[in-house]
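Only one chain is given next, in structure tokens, and it is the form predicted alone.
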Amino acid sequence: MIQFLFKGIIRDKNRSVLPILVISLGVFLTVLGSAWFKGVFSDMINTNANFTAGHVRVMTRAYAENVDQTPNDLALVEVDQLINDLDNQFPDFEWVKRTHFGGLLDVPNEEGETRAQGMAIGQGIDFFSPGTHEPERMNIPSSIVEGKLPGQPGEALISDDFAKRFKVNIGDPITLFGSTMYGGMAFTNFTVCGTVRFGMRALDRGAILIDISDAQIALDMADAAGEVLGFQKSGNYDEERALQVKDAFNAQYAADSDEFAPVMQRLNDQAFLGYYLDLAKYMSSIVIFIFVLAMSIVLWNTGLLGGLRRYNEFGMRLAMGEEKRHIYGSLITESIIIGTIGSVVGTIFGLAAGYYLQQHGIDMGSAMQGGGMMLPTVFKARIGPEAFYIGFIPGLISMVLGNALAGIAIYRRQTAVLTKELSV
């Protein structure tokens, strides 16, 4: 029976080609849309994690209570030993030192006297260690407007807007005025090796990026850092694994009442990011649901119209003595075959397009300029397990339901008036 119906579908192009094309297109858009929205929200989360919070973050308890002020006088000490311990305990994470600081950038003239000054937000990250992923993690190489990454101690990157506003060129000296870990004044000279633009207003107005070793020297933070960030080596944030690591680490210091004892937080636990994560998760689900629902309605109508167009065919088959139940069953079976073929084809093409966007993404840097929120400049899709089956919801189920509803007309036909209907 199924083989007979399959041959009929293949041979009758009017009955198969258009429905399969419509279903394939709808499933393609559903799969690609699902992967795209999932990737966009994941990229937004990862951008905030990469720039500020990590997947998990270790600080002193006192620092955690005042984290918005980035109080380096409450920073972690003996940080190298702490990172070694973390590497041994949780090898599936990459642990890095970060130090945030604020200060005044002084631009001298040819005589060495102050020509211009401006406020700056600074970060000390690992530029020099072999195999470091910090520049790529923060998207620094692709954000460089002029110059290069710091390659030796004493070199710094500054924001391109700051450089243009105060006419600072590559190779010019600048002086950072700030505060040391112990409350003293810090005066450190750097050479500008490059300028960057991230497309985020908070960073682009005035930023300075230096190696973590230079930050330790400038701020008198020997073997110290404001925080230690942990990133899952898989590249994606796993809430459950982060919770396990957090609980295991914090349990080691549960009996220590020292305010300088380290404490670990997940991405979810940090200020607005927990709310942001929940919002991103719900918004992603809602958007995908609406998209799938819209495609389901379109393909449901396709199945409904396809069944109604065959009204005379059903009448002819009834007139020849075929049972209503058999006609209805063959209609549903045909819709299952057509829906399966279209869903498989659409899913294959949707996964292929999603994989391409997952690898290359779409550069929307020009549209992101001037924003205040940390957003990625290149949005990528992300193929999850649901991408392999989500297209079958509109492609197969909706098609079958549409034909099932259209097939109700079969049972309403009266065999006594078939001759009159077919002669019209």
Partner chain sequence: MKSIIILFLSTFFLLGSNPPNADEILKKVEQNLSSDNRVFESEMVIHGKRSSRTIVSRSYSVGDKESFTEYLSPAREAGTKMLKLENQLWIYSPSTDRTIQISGHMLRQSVMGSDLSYEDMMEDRKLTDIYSAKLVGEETLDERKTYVIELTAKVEDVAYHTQKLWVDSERFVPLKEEMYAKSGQLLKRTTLSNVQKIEGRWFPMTLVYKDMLKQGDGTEFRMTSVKFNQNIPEYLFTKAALKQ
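Numbering follows the first chain given and starts at 1. Because the structure is predicted, anything quoted here is derived from the model rather than measured.
If you look for the form predicted in complex with the partner chain, you will not find it shown, but the lines that follow are about it.
With a 4.5 Å cutoff on heavy atoms, residue 229 does not count as touching the partner chain in the predicted complex; it lies far away. Proximity of residue 181 to the partner chain in the predicted complex falls within the 4.5 Å heavy atom cutoff.
Contact annotation: residue 177 falls within 4.5 Å of the partner chain in the predicted complex, judged by heavy atom distances. For residue 260, a non-hydrogen atom is located within 4.5 Å of the partner chain in the predicted complex, even though that partner is not displayed.
With the partner chain omitted here, the record of contacts in the predicted complex names 103-111 of 235-243, 103-111, 81-89, 124-132, defined by a heavy atom within 4.5 Å. The single contact residue among 142, 191, 169, 117, judged by any heavy atom lying within 4.5 Å of the partner chain in the predicted complex, is 117.
The partner is absent here; in the predicted complex, the one residue of 341, 74, 351, 149 having a heavy atom within 4.5 Å of the partner chain is 74.
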